[in-house]
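Take a look at this single chain, the form predicted alone, given in structure tokens.
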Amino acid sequence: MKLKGSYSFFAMIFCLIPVFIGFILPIIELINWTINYKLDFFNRDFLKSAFNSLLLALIAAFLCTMIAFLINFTARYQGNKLLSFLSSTLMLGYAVPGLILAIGITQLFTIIDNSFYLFRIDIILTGSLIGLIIAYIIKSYALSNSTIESGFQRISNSFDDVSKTFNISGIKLMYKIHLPLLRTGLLTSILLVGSEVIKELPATLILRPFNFETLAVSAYNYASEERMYEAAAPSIAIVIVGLLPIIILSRMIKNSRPGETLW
């Protein structure tokens, strides 16, 4: 039923109330704290935290997207049911709390480090960025896999059949056909995983190296010390980064032609 006149106006106001209370009002207050109280929030430490967050987000998003793409492509091209099962299993990582995931990775790396020590190998994995990136990939794989799997389902199997008929290698098929057709899905995956990584806090707190701050960690440290004004700037930065994928995807959907799929 399409509402008109005052009915339409009051329906809009009614639906706007939870959005205003839950999002618009807090954002206005955070912006007010950021601008009117202490502009020195945007100092060297803030820029360093922002750089660390973006660097981790880009690395984890790219690796997660490539892993999901390669697993889905290989499972499709070779009909490998084991890889399909592996992909479905990895998607369970999204349901695992970051804290539990971080404890498991820490325990695993401790065992590996002890093994290195026995063989006199001077490598320490515990407290490195490697564990943090692995945690991000496990945690965010479901987002990337869902996007890429949907993209593969929209590509006709006739492409694969024709390539096999002409003895075209799987690598060439992947590079020449699937990658161009899936570029929008790959970009979507990178955006979604990147925004998820920047917001992740429990795993980052446990697995990050010493003196390695991210926006989420900075906001948590300030808030835990009741320094709400200092926590405003990194919080706003996290919100902006989280909104970017939504804005980009909304524009992509708006600009797509009728009947055309997003990826």
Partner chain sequence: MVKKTSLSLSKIKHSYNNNDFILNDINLDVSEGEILAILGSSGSGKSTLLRLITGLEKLKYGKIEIFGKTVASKDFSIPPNNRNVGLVLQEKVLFPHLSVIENVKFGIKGNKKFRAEKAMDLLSLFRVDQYVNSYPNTISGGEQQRVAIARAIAPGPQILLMDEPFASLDEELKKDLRHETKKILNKNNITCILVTHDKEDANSMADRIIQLKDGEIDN
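Predicted model only: the values in this text are computed from it and were never measured. Residue numbers count along the first chain shown, from 1.
Separately, the form predicted in complex with its partner chain exists; it is not shown, and the next lines address it.
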Quick check on this chain: which one of 129, 91, 103, 181 has a heavy atom within 4.5 Å of its partner chain in the predicted complex? 181
Considering non-hydrogen atoms and a 4.5 Å limit, which listed residue (153, 165, 78, 110) is close to its partner chain in the predicted complex? 165
Answer among 82-90, 129-137, 112-120, 166-174 for heavy atoms within 4.5 Å of its partner chain in the predicted complex: the stretch 166-174
Partner contacts in the predicted complex for 139-159 (non-hydrogen atom within 4.5 angstroms of its partner chain): 156, 158, 159
